[in-house]
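Below sits a lone chain in structure tokens, taken as the form predicted alone.
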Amino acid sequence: MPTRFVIIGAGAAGMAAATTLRSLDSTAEIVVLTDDSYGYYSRPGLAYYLTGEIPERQLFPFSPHELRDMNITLHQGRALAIDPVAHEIALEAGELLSYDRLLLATGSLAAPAELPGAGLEGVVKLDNLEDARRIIAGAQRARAAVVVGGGITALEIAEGLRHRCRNTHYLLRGERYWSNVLDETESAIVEGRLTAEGIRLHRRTELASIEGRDGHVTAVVTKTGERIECGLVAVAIGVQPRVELARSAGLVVDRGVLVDEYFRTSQREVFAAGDVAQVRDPLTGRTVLDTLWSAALDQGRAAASNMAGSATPYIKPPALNVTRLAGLTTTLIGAVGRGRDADLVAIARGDSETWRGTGALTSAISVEDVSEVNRVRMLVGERTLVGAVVMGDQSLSRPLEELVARQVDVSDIRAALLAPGADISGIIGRFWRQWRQHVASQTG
């Protein structure tokens, strides 16, 4: 009988796993179970959908007939429980779905706001397409909107609302934006661009309650007593992995579902990948969470390969995200920050725990190259680069990504990089080209 692979979750990790499994096994039965009525679409694309830069149809990479051509079954439904012994999944509709091997790619959900008025109509989050539609509809009715939180999602919502709503307020509990990942200069660049767009920033401002009338939002009140009238409140204070199914099935769960280097959970025929999986970071030896689209794709493919029997250990690469912050293309590579962000109660979507708090940062030195809004910041260790942020001009993104990922010895240029007024772009560019030529000569 053909192997039946069941994947719970139709996000990046789940669909990457499904297409990989099909490429490895032409006869297998592949079922993707999702409780999202829209199926598979681009979560990063929601930011561009909110601002009106792309239509909704461009969010969908696969048409229904393309999935049928790959012989992948997309099953709409909600999983209530997993029986790892019987290899069965109990669905909300009352049916049982059996599997030979199971992948949990359940992703993460926005952490809820725990304050008076959080349940009012007009309090929104951004987990999925339905949420994006709700934000767009609410913005068309609201004369003013308030955004609370940190990280990429809060920024996406703020910019989307500013495009559709005249008055947009962005509340920051701390001194600056995304303080545990960006440095002061980077935060200032982002904040300056937001202000120029017409978004009103409120620093050192904490929400106390949300007021309403007839069940709908009418205003927010801060802890200093300031009242801001609004018809929409967007909350983006972090995300939490969806571990409920795994926990109820008796799998070992920490912040996420713990997996080994093959993406196996504590049950041999059950795997996990993406936002929900807690994966070992070889740099620190710790198990960490990533909420990155690119990481979810990589993990989904690697998990599928192991589900199909390859037994190939996964070595987690340095965290990488290419995103847009206040209209500015920004690449985040490796360990670039530290500490905790006052605006977040959990890891942000588009974030990685490996970006901060690593042992490598204790001895790393930050060097920067700034030209107007173009900026390069690198964390230089004793022998290697441990992380980098590239804002604006992206010509150094690929060189820095390769040098960090391959842990290339930069001892020969370390002193030059640390010298006052160093031409960082020139030094890195020349070194990277020479390194690539050396690698080519060794492998040729």
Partner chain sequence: MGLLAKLFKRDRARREALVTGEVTPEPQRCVQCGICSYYCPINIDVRRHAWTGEPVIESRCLTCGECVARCPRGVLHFQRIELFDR
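Numbering follows the first chain given and starts at 1. Predicted, not measured: the structure shown is a model, and the values here were computed from it.
Another form, the form predicted in complex with the partner chain, is not on view; read the next lines as being about it.
Q: Candidate spot P44, E66 and R301, all three in 4.5 Å heavy atom range of the partner chain in the predicted bound form?
A: Checked in the predicted bound form: all three residues contact the partner chain.
Q: Would you classify E29 as touching the partner chain in the predicted bound form, given a 4.5 Å non-hydrogen atom cut-off?
A: So E29 does not count as contacting the partner chain.
Q: With a 4.5 Å heavy atom cut-off, would you call R398 a contact of the partner chain in the predicted bound form?
A: Although the partner chain is absent here, R398 would touch it in the predicted bound form, with heavy atoms inside 4.5 Å.
Q: In the predicted bound form, does F60 have a heavy atom within 4.5 Å of the partner chain?
A: Yes.
Q: Considering non-hydrogen atoms and a 4.5 Å limit, does the partner chain approach D412 in the predicted bound form?
A: Output for D412 is no: heavy atoms all beyond 4.5 Å of the partner chain.
Q: Out of the stretches listed (318-326, 230-238, 174-182, 253-261), which one is close to the partner chain in the predicted bound form, meaning heavy atoms within 4.5 Å?
A: Only one stretch passes the 4.5 Å heavy-atom test: 318-326.
Q: Among T331, Q267, T287, T222, which has at least one heavy atom within 4.5 Å of the partner chain in the predicted bound form?
A: It is T331 that has a heavy atom within 4.5 Å of the partner.
Q: Quick one: which residues from 283-305 get a non-hydrogen atom within 4.5 Å of the partner chain in the predicted bound form?
A: Heavy-atom contacts to the partner chain in the predicted bound form: W293, S294, L297, R301.
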